[in-house]
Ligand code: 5GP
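Okay, so here's just one chain, in structure tokens, the form predicted on its own.
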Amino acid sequence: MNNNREMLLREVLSVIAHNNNICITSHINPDGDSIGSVLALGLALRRNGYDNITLFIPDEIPKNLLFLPGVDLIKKEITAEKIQTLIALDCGDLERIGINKISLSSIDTIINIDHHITNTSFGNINIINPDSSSTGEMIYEILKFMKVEIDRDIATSIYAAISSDTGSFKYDNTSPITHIIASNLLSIGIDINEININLYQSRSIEKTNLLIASLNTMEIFKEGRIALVIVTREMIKSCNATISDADTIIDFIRDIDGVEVACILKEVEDNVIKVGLRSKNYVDVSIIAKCFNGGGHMKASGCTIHSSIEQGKLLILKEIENSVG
């Protein structure tokens, strides 16, 4: 950990120690890294004498993450006026925090901890490390810096966060440090079988039906280098699924032989389309996402397009085709 980051962490510890009403949150439409990171930091602070901690995620928690220790502590609603310090984890910009801007303006201090290279440094204190595999990896290092004992529950949440964002350690954001941290977490005695079953081996019939329905929409472009699927609200309803059930579809189509860029368009509201992008080798999908005020990583990014799903498809496809060449 470099000197600048140590200085920022000391500042964070000072803020936490001298402020009441601390809220730990992450981005809307939460994933394994965001939920795992919020729980790990929240449990660690609570178990070390900080009883003024609120955990807040405004959206439904994906079913495969409900096994995580302490998940029942996460609130879906909160009165922002009572928050003095907001700790935002794994969140690239203010637009992805589930608190409106007027309420955010009443918060004294925003601490921004993230690993996305496209992070806008929106906090009063910003700890950004694009070299980390995940925000969960950063939380591990922060807790070590704080000399907090990482127990089995905290270790479970951190491991789930790291595993989720590295694709079970398959993606090239996985570093030697990532594996060392995973080894340390395993030595604490976490139940790796339980984690893997919940994260990767418990697809519901509703999620399975949504995968099948989405694959029926799949289109292939550029001699097989681009694969694109759509998920409409009607599809979700007919499958009795949820929007979070669509999260892993993009990974399935990216794995098709020859595909360089995979894209999924999810209709969340009228003229509000959430776009997920994944690449395999050479395309930087974060550049594509930036065209629509989104962001993320070179090989995993996302954005929101305010249009019909068909118009959104044409807009994003044009940028993908330009990038694939």
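The structure presented is a predicted model; accordingly, all values stated were derived computationally and were not measured. Start at 1 with the first residue shown and count on from there.
Beyond the structure shown, there is the form predicted together with this ligand, which is absent from this document and is the topic of what follows.
None of 269-277, 252-260, 57-65, 41-49 except one has non-hydrogen atoms within 4.5 angstroms of this ligand in the predicted complex; the exception is 269-277. Proximity of Ser301 to this ligand in the predicted complex falls within the 4.5 Å heavy atom cutoff.
Contact between Lys207 and this ligand in the predicted complex is not found at the 4.5 Å heavy atom cutoff. Although the partner is absent from this view, Pro69 stays clear of this ligand in the predicted complex, with no non-hydrogen atom inside 4.5 angstroms. The closest non-hydrogen atom of Arg96 lies within 4.5 Å of this ligand in the predicted complex.
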